[in-house]
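Given as C-alpha cells, the chain that follows is alone and in the form predicted alone.
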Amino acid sequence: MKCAAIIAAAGSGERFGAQIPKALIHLGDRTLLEHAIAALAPVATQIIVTAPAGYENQIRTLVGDGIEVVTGGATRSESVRNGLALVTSDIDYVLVHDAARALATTQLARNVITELSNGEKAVIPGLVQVDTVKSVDSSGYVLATPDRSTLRRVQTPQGFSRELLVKAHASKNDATDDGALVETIGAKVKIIQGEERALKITTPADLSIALSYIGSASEFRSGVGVDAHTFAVGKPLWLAGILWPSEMGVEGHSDGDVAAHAICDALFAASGLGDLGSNFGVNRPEYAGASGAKLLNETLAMITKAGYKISHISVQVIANRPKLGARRIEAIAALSNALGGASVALLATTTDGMGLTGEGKGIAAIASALITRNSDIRA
C-alpha cells in the first residue's frame, strides 16, 4: 500500500518572533522542516511540502530532488488542499503533518499507517488531557467544565484514506486540523496514542523543550566514510539498499553497495569501532555477498551496544548513473529502515567527466554520520 505525506510548512514565524517562516527555524543542526521530512521519508513514497509564498525556491533547494514543493494557501486547510492536488492516483493513504511538530518520530507515523492498513479510514495521534479545561463566555465567565477523561490533545501526522481526505476537503471548509474536516462529513476518526516529543513548536519556549529531546546534553561525535567500486559486467547493481534493474553492478566482497558501505565507515569512524575492512573485510568469509542492508543493520547493533545513537546520516552518491531522483524516497526508506528508522539524507552528484566515476568506470559515495552518546538516550 502506498502512502503520501503532505507537510504543512506555510506558516509564518510571527508568533515565534522570527523574520523567516517557522519551518525554516533551526532546531539543533537542521531546520524544523528537515526534521519533519526525515521522520516521514522512510514511510512515504511521495512527499509534498506546502511553502510560504516567495520561499518556494529556497525550500526546493533545502529539500532537494524527489520532494515536491507547492505554494501554501491563506489558511492551513487551503495549504493542505494545494498539496492534496499533487497526490498521485496510485496513493492509498495520505499523512498530513505539521512542520512545526518536527520531532514526531517515524514510529508514530508507522503506528498511524498500521491502523489504516487494518481498515481504519481516519487516524490521528493524541495525548490524554491532564489539565482541567473550562469553557468560558466572551466575558471570561465559566460556562462548563468538560470531563477531561474524554478529551485528547491531538497531534500530527494524521492519516487518512486518500478518497476520504479528498472528499473532506471538497467542502472547501477550514479547520485547525484535518481530523475536524473529516468529522464534519460524518466519518469516524480513531485516536491512537501520541508522543510527548511531537509537541507543536510555536514559541522560543517550545524550542527549548524540543532541544531537550534531541540530546542537548549528549556527547555528539561525527565521522566520515568513503567507498568506491569499479563496474563489473554481469553483476546486479545494489545501491542505497535497493536493486537497480538493467544497471551494471560492481566488483566487491559483498554486494558492493557504496552508499551503505560509506555509511558504515562513517558510523565506525564516529564511534571509534574500527572500519569496514576490520569488521566485514575479505578475511570474514561470512560476509561474502552480504547485502548493504545487512551490513548497516550489524553496524547499528555494534554502535548501539557501545552506547551510541544515530542523530543523522548524510550520504552523497558520486556517479554518472543511475539517476537517483526518481527513486530517492524509496532509497532513503531502505537505508533508514536498515538503520532502525534513523534520519537519512541522500544526495547525488557527478565529477564532470573526471576520474573513476566521471569516466564511467565506477561509482563512489561519501557519507557523514552524527551520533550521540548519552546515559539517558531518548527514543
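One rule holds for the numbers: they count along the sequence shown, beginning at 1. Fair warning: this is a prediction, and the values are worked out from it, not measured in the lab.
One more form of this protein exists, namely the form predicted in complex with a small molecule; it is left out here, but the text below deals with it.
Novice: Is the gap between D98 and the small molecule in the predicted complex 4.5 Å or less for some heavy atom pair?
Specialist: It does: once the small molecule is placed as it appears in the predicted complex, D98 has a heavy atom within 4.5 Å of it.
Novice: Taking the shortest heavy atom distance, is R76 within 4.5 Å of the small molecule in the predicted complex?
Specialist: Yes, R76 is a contact residue.
Novice: Is A10 close enough to the small molecule in the predicted complex to count, meaning some heavy atom within 4.5 Å?
Specialist: Because a heavy atom of A10 falls inside 4.5 Å of the small molecule in the predicted complex, the answer is yes.
Novice: Would K361 count as touching the small molecule in the predicted complex under a 4.5 Å heavy atom rule?
Specialist: Contact check for K361: no, nothing within 4.5 Å of the small molecule in the predicted complex.
Novice: In the predicted complex, which of the stretches 301-309, 76-84, 146-154, 121-129 has residues with heavy atoms within 4.5 Å of the small molecule?
Specialist: The contacting stretch is 76-84.
Novice: Ok, R221, K190, K200, K167: which has a heavy atom sitting within 4.5 Å of the small molecule in the predicted complex?
Specialist: So the residue touching the small molecule in the predicted complex, by this definition, is K200.
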